[in-house]
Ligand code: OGA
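Here we start with a single chain on its own, the form predicted alone, put down as structure tokens.
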């Protein structure tokens, strides 16, 4: 598709693109919608800058891409401005734990995870607080044919409670023992099994659907047997050539495909507050290869 309405500026060889030429405060025209949808299929994550959006305008933009979620079920996030679909993602200046400070895709522990996430910057630290993204198709394409064939026969078991275990996730080290115990009770049994290699239904590309924290093991394997290969795959996801790094600014908005990328919220702004608004969009899930 040749863009006729928007401008797309890739941020790296494989992952992320900045979009300009559109005002998200107004309803999206059909051609702009189609070109934005193609950009997210091509690059996994797209970014808009200098968008002075209300929560209602952010929600209206997200709804153009599918049905939005009112309840994320496993989150303490609250709605804003009377809109339950618009959730606060906040790290206070004195918080020691960084939510999302690890490579992951949102909601992979559900049988039908979310399709898109739409995140808007409300309050930012003076420095830091960037987000990293890694394209799961680029990661898959970089693997040897032998490893690709091995992984195409595997599924991964994703467990929600791992995000709150310091043994599984170093970003959870600031969680008190009492809160950890409560988390284990609240999220007990929330897990799902997904193909490690599947096809994104719109782009047709194969993706390496693997989350370094949420994926506990390969289905039918023990965790000890799974760890060496999972550690290797984590290294592949984190290779700089598979990633982009987005520096947030006032009015920045990011939208990404949870089927095609993982993300990592950097924790380098101790002593400052960071507030984002997130909307989650449902949609068609990955298809078997």
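Numbering follows the first chain given and starts at 1. Here the structure is a predicted model, which means the values were calculated and not measured.
This next part talks about the form predicted in complex with N-oxalylglycine (OGA), which is not shown.
- Note that among 255 to 263, 216 to 224, 22 to 30, 43 to 51, the stretch whose heavy atoms approach N-oxalylglycine (OGA) to within 4.5 Å in the predicted bound form is 255 to 263.
- This chain appears without its partner; in the predicted bound form, the one residue of 131, 155, 137, 200 with a heavy atom within 4.5 Å of N-oxalylglycine (OGA) is 131.
- Listed residues 151, 115, 121, 89 were compared with N-oxalylglycine (OGA) in the predicted bound form; 89 is the one with a heavy atom within 4.5 Å.
- N-oxalylglycine (OGA) in the predicted bound form is approached by residue 274, whose closest heavy atom lies within 4.5 angstroms of it.
- Residue 212 falls outside the set of residues with a heavy atom inside 4.5 Å of N-oxalylglycine (OGA) in the predicted bound form.
- N-oxalylglycine (OGA) is not drawn, but in the predicted bound form it has a heavy atom within 4.5 Å of residue 106.
- The closest heavy atom approach of residue 278 to N-oxalylglycine (OGA) in the predicted bound form falls within 4.5 Å.
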